[in-house]
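One chain comes next, on its own, written as structure tokens: the form predicted alone.
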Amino acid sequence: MNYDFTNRAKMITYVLMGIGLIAMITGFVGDSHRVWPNLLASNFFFLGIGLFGLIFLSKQYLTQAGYGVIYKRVPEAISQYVLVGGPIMLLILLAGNHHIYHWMAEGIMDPQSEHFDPILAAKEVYLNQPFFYIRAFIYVGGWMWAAYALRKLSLQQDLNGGIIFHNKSITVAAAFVVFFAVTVSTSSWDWIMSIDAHWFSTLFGWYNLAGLWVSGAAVTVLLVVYLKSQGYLKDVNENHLGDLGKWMFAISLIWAYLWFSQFMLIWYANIPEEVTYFQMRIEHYRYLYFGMVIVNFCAPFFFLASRDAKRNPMFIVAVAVLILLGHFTDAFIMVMGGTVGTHWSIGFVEIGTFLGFLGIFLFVVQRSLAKASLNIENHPFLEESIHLHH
């Protein structure tokens, strides 16, 4: 059974994308320096969710897990945003670089320039524009290859059966996991941490990995529950939801641990070039910053702690929405704190840009869901998934 991407659903996504386009035009007319960071924050957030789709699929193949087979089309559809969000990210980096990255300013690494910064000059081996863009193209190219390959092999397995396509998927998954283990950190350093180029954290890559993982799990929950409510994925039961709820619960705790470890060690040491990062955000984003931490930790911890709550669609959907809002706020603060600084605001440009990318994401995901049957065929663990915990 294929998902019916109705005219109404298409209209909603078009309206959201239209709002995003208007917000972007409004921003460029008023203050382009405000628009580029918003584009980066929104696309980075949704690209991370797309990457979660690849992580989830790869994990399923490599661990020979069966619980997620029955709704495998959902993470597959989520992963297809990488094919759109990846090129968008490259465009943002190429066109909006000087509005985002201070270390790219004219003369900042030239000892003869009045703008010379010795701290940034010491990082020039890594932070230079040619190497920066080479890395970006490698990241995006590798991720797009994995998204395309895993989707293609999955559809071929449905059509032709046999174990050959499953084994090829395992090979692709293994290559992706090794590649992603490196690039998830380096891309976070390049695209987000280098915004505050004097500052660094050895936990930053893992912190972002936890954030994109729990955000992707939340989107998967929302899509699975929605599709189930519309008469699709009839074999999905409370045990499947329970397993997804466990991911949201567990990774939220890991995210909170990484946030506390990063914050506590830097704040306690009180080294000026390190603590400045948090001072900016605490002084000028105080309620947003600590509100984000409370939502991202407390909502999953208190609402999903029990076994029954993880299997209750109402509870799990509510927590998933809170998680998505909380982690987008985290991405927003990470980007805005180092770009617009104290001149930040939440207005039409910010909300409209987010809604625009939400529209693009929903369009890509629903279009992917509509292109292939939601009923998985010929997978070696299909029966195990259908009868999960029975």
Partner chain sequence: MLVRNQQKTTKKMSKVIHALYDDDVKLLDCVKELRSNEIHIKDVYSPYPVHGLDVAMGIPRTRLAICAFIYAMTGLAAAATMMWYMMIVDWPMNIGGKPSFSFIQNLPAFIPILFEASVFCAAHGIVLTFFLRSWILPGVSNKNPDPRTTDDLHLVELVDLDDNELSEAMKILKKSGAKEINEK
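A quick note: this is a predicted structure, and the numbers were derived from the prediction, not measured. Numbering follows the first chain given and starts at 1.
Beyond what is shown, the protein has a form predicted together with its partner chain; the following relates to that form.
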So, Met264 and its partner chain: in the predicted complex, are they within 4.5 Å at any heavy atom pair? yes
Tyr226 near its partner chain in the predicted complex, any heavy atom under 4.5 Å? no
is_contact(Lys152, its partner chain) in the predicted complex, heavy atom dist at most 4.5 Å: no
Residue contact check: Asn270 to its partner chain in the predicted complex, 4.5 Å heavy atom: yes
With the partner omitted here, the residue among Arg286, His115, Arg307, His98 that in the predicted complex has a heavy atom within 4.5 Å of its partner chain is Arg307
Given that the partner is absent here, state which listed stretch (186-194, 316-324, 82-90, 255-263) has heavy atoms within 4.5 Å of its partner chain in the predicted complex. 255-263
